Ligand code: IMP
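In the form predicted on its own, a lone chain appears below as structure tokens.
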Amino acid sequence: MFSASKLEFFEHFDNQHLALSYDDVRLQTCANKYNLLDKIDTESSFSRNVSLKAPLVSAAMDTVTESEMAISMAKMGGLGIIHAALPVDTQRKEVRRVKKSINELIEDPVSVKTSSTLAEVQKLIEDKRYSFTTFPVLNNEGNFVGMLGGDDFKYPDSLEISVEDAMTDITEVISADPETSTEEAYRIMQSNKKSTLPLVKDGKVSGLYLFSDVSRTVRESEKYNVDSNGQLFVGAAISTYDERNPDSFYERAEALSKYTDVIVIDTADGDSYYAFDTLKRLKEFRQTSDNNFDIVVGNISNGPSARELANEGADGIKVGQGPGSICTTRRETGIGMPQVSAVAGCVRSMFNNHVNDAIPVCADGGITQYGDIPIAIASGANSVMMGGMFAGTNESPGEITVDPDGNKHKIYRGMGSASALRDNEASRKRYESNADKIVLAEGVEKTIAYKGSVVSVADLCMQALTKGMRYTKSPNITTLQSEVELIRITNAGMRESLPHDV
């Protein structure tokens, strides 16, 4: 929770019915004689069970996050949320692609029979266009009896010999239990100098590790944001429950649940009856599912709403109504809370009202300058979600266009823009709009300059965060959240903060 002086800062403006956004405040520096250069810890969390090594999340927007963006985000330590404006099967494939992108554990590996010949296996590889030549070998009863590898095809005089005669017998194969983790598999294969590790129980093969995949993951896992199985974390958005079409909701939930670490209930009115009802239904569905996943609800901007959602069992909350650069919700509807006060209010409400387990808050929208990121976290956020910052990159969906002057561009649009509302049901559900009549758009579409790889953009975001943490002498995210003081600046102070008089 906030320090006493930080709490007093926000209460002062609350008492005046004044709300603050990023350009209204700056962080106070302080003295510290100890070197923090090598001690900055940016680990945080998006939801109760989904951790972050870098507190950056790409927005669930159709011009921002599909599998390519989500893979890049997770490899940089963050998280991507696959948008819901996709057919169910397509969204599931996008999520699965992220989960399987560095899959060192091969589930249900392709096997061959002892009675087959090498020639038959060779034909299978060619027909199926397999990129691998390593197979567990099963006998006629389906039990594991050995391994067949690429080298076994090189040395026989003829490929007409049986797999049984060419394989490495089970007596010479090192195997492990199906519950073996990536790190354990790495140690077993390294110490035994084996390139494969089949997972076997009661004679049945349930998985296969390859040393080439495992070693890469172990080496790179320091920066990748991965789950306990060494697979990238990924999230997916889902629309609120529709009483007119209940099957579609459960169909999407079922399709996503196997591969998704967190499902985000994505609505512009995150404290509505529909949001609470969807949270309840999704929790009930989770109890019957074979796979566990977190549930994050958004978007809200009110402290008591955060408290109620936490009490109802949300695993995370997304805060932000109208701060996005392409969002017009505040102008069109008259609602909305400036983002710094919105985030701080949600965090304070959960702690001050003795919520048993205060949950992570994601500040969604309004980040226009890199320096806004440490301010958002100092306001109490555990992570920041960005759309405009990551749009226009190689990894964002959409074609790159070139204007007559040779400048490259991409389209970026709000999910409440007229074109998004026209194009997909998910946007209409998010903004409770009707496709059969003229609708009030709550966003715009614009062309933005092409930015190159999102890796470069995210790196600048993290540099801004870590530099802000060094200036404020914050060794970790918790200190930045709870202890670092904010100051209110005037318009003159803001002008002084920008390049001027040059």
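Values in this document were obtained by computation on a predicted structure and should not be read as measured data. All residue numbers are counted from 1 along the displayed sequence.
One more form of this protein, predicted together with this ligand, exists but is not displayed; see below.
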Taking this ligand in the predicted bound form, would Ile367, Gly387 and Met415 all count as contacting it (heavy atom within 4.5 Å)? yes
Choose one stretch from 44-52, 448-456, 463-471, 59-67: the one whose residues place a heavy atom within 4.5 angstroms of this ligand in the predicted bound form. 59-67
Looking at Gly78, Gly324, Gly270, Gly316, which is the one with a non-hydrogen atom within 4.5 Å of this ligand in the predicted bound form? Gly324
Among the candidates Thr260, Ser383, Ser396, Asn299, the residue which, in the predicted bound form, approaches this ligand to within 4.5 Å (heavy atoms): Asn299
Counting only non-hydrogen atoms and a 4.5 angstroms cut-off, does Ser72 reach this ligand in the predicted bound form? no
Does the 4.5 Å heavy atom contact test between Asn225 and this ligand in the predicted bound form come out positive? no
4.5 Å heavy atom contact, Thr329 to this ligand in the predicted bound form: yes
